[in-house]
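First, one chain by itself in structure tokens, the form predicted on its own.
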């Protein structure tokens, strides 16, 4: 009888499928994985491969946002219940490595290249001990979606090249810009000089700064790296080579001097939509939205797409990715796009929460309404 009681107690202590199975998305709450631990994949993005979705993100520690582990990966077939696949890209214990433990490694995104059959990971990288002055992107590859990924290199963007829209007139203007004449920032003259390419000129030889970022694969298979540049004052959209591992040197600027970060992009019925945030550190702010009929622009800014409590603060979060729902257990959903954002908690980074909300369209424009709970299959 004593053995039976011990066995019964043990079985009752195990989490049952019914107890752990989630049916709905509840933004802002703890989101446990298959082991019952809150998902640790912040600033992330989602890749669909086969019948499985893979969620990649920053592993956050309890007391620091520095990278002590690396990039984590979770897998799901229904976008609600996630299996912890472990560390996809590990930081290095080699002193001086670009991804040395303690570096800043943020906003990892993964895309699959059907030609090379490689999974390509890009991320924002700051070298250990240098704060945010390196402003690089890093690249890693794997033969499997969950990894392990092999780090290839890191660098700044598009050294020695001008944006595609810079013709003779723009380059002539840049020649007249002297940084010594614009030491006082946030003046009308300084803002105009930034718009004209003051910081593009400054970083022309060393490469353009690359911070908050995302990746986007278009319908024709071409891929793009979208990132905050020019001291986070201007977004850059850079075309990738056919293997998705380098820039081609063709890039454009979006909202020069607009001070945007946290870009998230999707394409709906021939129109590109991008949601970003302002630059207020870990504190939330009002989401911005842009659209264009070509990836190269021109881009038009629209009002904040968020609706509901704390909409003026993006519900307390910051955009990271826009997920397309296709060919899954949730394929019956009337929603096609999901807005993903992070509620940062810098004093306890690992406790940062996630916002996942459906994107609807009104009058041809995206709208994101707050929902305490929603069903992907509704």
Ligand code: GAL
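Numbering follows the first chain given and starts at 1. Not measured: the values here are computed from a predicted model.
There is also a form predicted together with this ligand; it is not shown, and the following applies to it.
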Open item on the list: With the distance limit set at 4.5 angstroms and only heavy atoms considered, check whether 40, 86 and 354 all reach this ligand in the predicted bound form.
Closed with: no
- [ ] Give a yes or no for residue 318: in the predicted bound form, does one of its heavy atoms lie within 4.5 Å of a heavy atom belonging to this ligand?
- [x] yes
Task: Touches this ligand in the predicted bound form: residue 109 (any heavy atom, 4.5 Å) - done: no
Open item on the list: Taking any heavy atom pair closer than or equal to 4.5 Å as contact, tell me whether residue 261 reaches this ligand in the predicted bound form.
Closed with: yes
Open item on the list: Is it the case that residue 282, even though its partner is missing from this view, gets within 4.5 Å of this ligand in the predicted bound form, heavy atoms only?
Closed with: yes
Task: in the predicted bound form, the residue from 296, 166, 132, 182 that sits within 4.5 Å of this ligand by heavy atoms - done: 132
Task: in the predicted bound form, the one of 212, 146, 230, 98 near this ligand [non-hydrogen atom within 4.5 angstroms] - done: 212
Task: Listed range touching this ligand, judged in the predicted bound form by heavy atoms within 4.5 Å, from 267-275, 215-223, 100-108, 251-259 - done: 100-108
